[in-house]
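Only one chain is given next, in structure tokens, and it is the form predicted on its own.
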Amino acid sequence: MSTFQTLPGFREFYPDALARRNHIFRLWRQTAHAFGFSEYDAPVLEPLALYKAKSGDEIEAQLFSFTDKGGREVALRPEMTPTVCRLVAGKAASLKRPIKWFSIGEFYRYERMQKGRGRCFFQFNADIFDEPGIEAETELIALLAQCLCAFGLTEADFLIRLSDRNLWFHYLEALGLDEARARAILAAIDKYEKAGDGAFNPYAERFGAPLDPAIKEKVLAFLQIKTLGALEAALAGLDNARLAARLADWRALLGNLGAMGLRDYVGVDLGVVRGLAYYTGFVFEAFDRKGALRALAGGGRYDDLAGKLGCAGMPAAGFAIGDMTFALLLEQRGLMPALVQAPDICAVIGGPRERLAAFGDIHALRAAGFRVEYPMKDAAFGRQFKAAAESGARLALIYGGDELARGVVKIRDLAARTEQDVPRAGVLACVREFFSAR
């Protein structure tokens, strides 16, 4: 056992675990490319001030932050949003609009560890800049749905819960509440599912009195809305131009998603307000329908934050999926493939002379993209054939003294148990023909 252990909350990836991680990343990349998103990357170490500009000084307690050898205050990145805003702002004048970018990166947060959450984790991040309308939300929600469906998940496995902070602010304003009280109510709504009525206690403490019972009743009734029809009915009696315009956005967004065949994947849920105050419009979260893992992904529009971080006047929206909870979901649903890392070909080698003869073919096959393994030390033929069969290889190339004398290689199909002699010069062509036919 090693004297040195992995730091708490950090992960190592042995080959089998890395194969599963790469499988997830590969399908996320394929999906993002299919949607026309371009991949970017950025440093994992950023100026601490970048995160304070977004979240205030209190964020430092959640970060791996320190002073570097140059006297700079820096932090390992806890998220990608500030970074991507910085990157977009740096080349905003030359970027084709709308800007559709994605990344898959590692992030670090110094927080309490729990199931599906560690102190280092990977996230798929997708963002759209400079598209102010619901076309951005349409594209992002569709991308999120496909990022989950690509693995075999269906509407029976997850639901994208759609809400709207702007709608809430307009509704609470119509009830006579100012912005400060509206924000306090949204903070309560964000915690209501877990804390129940106690979620409103901070409101009472802040303003010196509980929320008016009549208003609270309307807020809780609004919170229970789960369909577009119920939302339309709840707003029917309010003569408010901003609410009417926002309702039109809801109809258009849900109409777009329905036309894409995604209506069963999306549900109205005004209880989702995303506790982060920088969200400015539609917000959404993908949830495990069976409830075991809860939130799988989340995002929304953050126009004001983008401006605060350098993208002045540029609307923005995005979402992120974490790898840890998502991998747990795939395993629970039996959707994580075995990902056997088998060679394509095993070389069976008789001795030192035969080994030298085999090396040329082995290198040529590897250069052509085939995964080829051979015994590094001399071993009996029987032992080599057993190892080849157990490896999962499709072919065995046999280099014995007789084959060497005749200038051929014996190629054995390990599944069909058939074999043929092939001239040394024709090995690569024969192998290519075998794999192209399957």
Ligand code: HAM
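Heads up, when I say rigid core I mean the largest set of C-alphas that superpose within 1.5 Å between the two forms. Don't overthink the numbering: it's just position in the shown sequence, from 1. Just so you know, these numbers come straight off a predicted model, no measurement behind them.
In what follows, reference is made to the form predicted in complex with histidyl-adenosine monophosphate, a form of this protein that is not presented.
For the residues 123, 146, 166, 256, the 4.5 Å heavy atom test against histidyl-adenosine monophosphate in the predicted bound form is passed only by 123.
Though histidyl-adenosine monophosphate is absent from this view, in the predicted bound form it lies within 4.5 Å of a heavy atom of just one residue from 218, 191, 109, 308, which is 109. Contact here is defined as any heavy atom lying within 4.5 Å of histidyl-adenosine monophosphate in the predicted bound form, and by that definition not a single one of 346, 388 and 412 is a contact residue. With the partner left out here, histidyl-adenosine monophosphate still marks one of 236-244, 350-358, 296-304, 180-188 in the predicted bound form; by a 4.5 Å heavy atom cut-off that stretch is 296-304. For the chain shown alone, residue 118 is a contact residue for histidyl-adenosine monophosphate in the predicted bound form, at least one non-hydrogen atom being within 4.5 angstroms. In the predicted bound form, histidyl-adenosine monophosphate sits beyond 4.5 Å of every heavy atom of residue 157. Contact annotation for residue 333: none of its heavy atoms lies within 4.5 Å of histidyl-adenosine monophosphate in the predicted bound form.
Shown alone here, residue 81 lies within 4.5 Å of histidyl-adenosine monophosphate in the predicted bound form, counting heavy atoms only. A displacement of less than 2 angstroms separates the C-alpha positions of residue 408 between this form and the one not shown, with the rigid core held in common. When the rigid core is held fixed, the Cα atom of residue 59 travels 2 angstroms or more between this form and the one not shown.
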